[in-house]
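There is one chain below, alone, in C-alpha cells, taken in the form predicted on its own.
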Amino acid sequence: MTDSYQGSAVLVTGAASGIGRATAKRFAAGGARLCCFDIDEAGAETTAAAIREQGGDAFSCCGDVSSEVDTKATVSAALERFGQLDVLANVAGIGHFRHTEEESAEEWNRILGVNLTGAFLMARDAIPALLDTRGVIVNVASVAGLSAHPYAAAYGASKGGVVLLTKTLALEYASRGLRVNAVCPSGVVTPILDQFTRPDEAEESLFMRIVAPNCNLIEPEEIACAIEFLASPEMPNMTGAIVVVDGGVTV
C-alpha cells in the first residue's frame, strides 16, 4: 500500500466486520477518507474509530443496503462530509446453505435484496458523484457466482447477478471514465461463514467440488488487497475485470 489514495473519499458497505472492515482499514492506510456503512451500527463505528485512532478520517453510517432510503442517505452523508466520492466498495453480503425445496421466498428475497439489489442501489446512487471524479466501483461477488455451488441457489443467483451487473456497468460507463470491477473469493474467514452450515442429508461429494485444492480459507485482508488493486488509480484501463481469489477452486 502506498499513499496513492491520499485525499480520496471511499465508501465501504459491510464495513462492520470481515472483508468490509479490512477494506476500510486498507484504504485508510493509503490516505483515503472513509465512510463505513453497515446495518451493524456498533460494528461500523468500531471500524471508523479504529481508523481515527490511527490518525485517519472516518465516520460510520448505519443502514440497510437493500433500502433505497438508506443508500441515498449514506451517499449523501459521504458527499456532505467529504465533498466528493472516488471509490465505492460494495462488500455487504449474506447467504446460507439450504436445500432448494426448503428455501422460503422470504429468505430468497432477502439474500438477493442485500447481495444484488444492494449493490445495484449503492452503485446507482453513487454513480453521479463517481462520474465527477472518474472514480471506481468494486463489487464483491463470489466463485459461487461463476460456477455451481450445492445448496446455494439464492446465494449463487445473487452473486452471478453481481458479476453481470459489474460487466454491464463497466461497459455502459467506460467512455465516461467510470471503472467497475469485481473480486470473486471462495471461503473467507469472516462472520458470514457461520451462516453456511451444511443442511441435513447433504451430499458430501457435492461439497468436495467447492473445496480449494490448497485447502486454505482466505483471510479478509487478502480480499481487501484485491479490492484496493482493482480500484487503484495506477490501473486506469482495468474495467469489467472479474478477479478470482479462490485457492484454485475454479481451475
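Just so it is clear, the model here is predicted, and its values are computed rather than measured. All residue numbers are counted from 1 along the displayed sequence.
Omitted from view is the form predicted together with a small molecule, to which the following refers.
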| item | value |
| --- | --- |
| Which of 61-69, 204-212, 48-56, 25-33 sits within 4.5 Å of the small molecule in the model of the complex, heavy atom basis | 61-69 |
| Interface membership of residue 19, the small molecule in the model of the complex, 4.5 Å heavy atom rule | yes |
| Interface membership of residue 94, the small molecule in the model of the complex, 4.5 Å heavy atom rule | yes |
| Proximity of residue 225 to the small molecule in the model of the complex, heavy atoms at 4.5 Å | no |
| Proximity of residue 40 to the small molecule in the model of the complex, heavy atoms at 4.5 Å | yes |
